[in-house]
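Here's a solo chain for you in structure tokens, the form predicted on its own.
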Amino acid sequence: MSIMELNGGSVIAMVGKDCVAIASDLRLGNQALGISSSFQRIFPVTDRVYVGLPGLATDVTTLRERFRYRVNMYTIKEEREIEPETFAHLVSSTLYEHRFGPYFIEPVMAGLSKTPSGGYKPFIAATDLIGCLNFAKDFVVAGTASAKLFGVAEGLWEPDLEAEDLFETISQTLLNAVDRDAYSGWGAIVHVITKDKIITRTLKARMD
């Protein structure tokens, strides 16, 4: 068994038209033993950036606080909010610093970047456990159900989805994928980030 699969859990991020969505399941387990059905893996970084942390549960807590500290220091020094691309590189460098004794986490980032014209552009990225960045224009996945998430997302995702359609697509992708993975599931949470607001919804899922 891989240490990445010990606590289970999966995260997916998807791009829409002027919006972006990130979702995860809520199960915390010890291999096949279920421990909690309300474990948070997705955290707000700013009003326009969210990060999902699938992997070892103790490292989820550690990295959440480490990123919070580093983002706060950036905000104080730069006197502005961190942009999604900058945050992605911050995540990458934080993980790479620990490459010889890595955190067992594969972060997924989603947000809206400001364009020079004043508009917003969707941004998603993911890294492996030592910080190798993977930028995408459609979707990124991580966690124990990632193979299933890839398969369902390939079939359901379309370019330029509106916020409600994007919510429906990412929800169906996640729920159908975690049903086929013993280490993920037990409910899900979805965040849809638009330029005006953030829509957060909790979904019911199979509990077996």
Partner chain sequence: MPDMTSLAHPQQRAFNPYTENGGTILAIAGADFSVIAGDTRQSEGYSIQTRYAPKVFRLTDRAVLAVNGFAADGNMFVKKVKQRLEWYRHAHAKDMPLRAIARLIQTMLYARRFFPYYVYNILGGIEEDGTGAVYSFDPVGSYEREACRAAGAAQSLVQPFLDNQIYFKNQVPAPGTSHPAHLPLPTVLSIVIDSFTSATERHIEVGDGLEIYIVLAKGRTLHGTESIGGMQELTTTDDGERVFVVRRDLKKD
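As the structure is a prediction and not an experimental result, all values here were calculated from the model. Residue numbers count along the first chain shown, from 1.
Missing here is the form predicted together with the partner chain; even so, the following discussion is about that form.
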{"query": "Option touching the partner chain, based on a heavy atom within 4.5 Å in the predicted complex, out of Val45, Leu175, Leu63, Leu161", "finding": "Leu175"}
{"query": "Position in contact with the partner chain when the complex is considered in the predicted complex, options Phe139, Tyr183, Phe167, Phe39, heavy atoms within 4.5 Å", "finding": "Phe139"}
{"query": "Candidate stretches 26 to 34, 65 to 73, 51 to 59, 167 to 175, one within 4.5 Å of the partner chain in the predicted complex by heavy atom", "finding": "167 to 175"}
{"query": "Contact set, 132 to 155 vs the partner chain in the predicted complex - heavy atom within 4.5 angstroms", "finding": "Asp138, Phe139, Ala147, Lys148, Phe150, Gly151, Val152, Glu154, Gly155"}
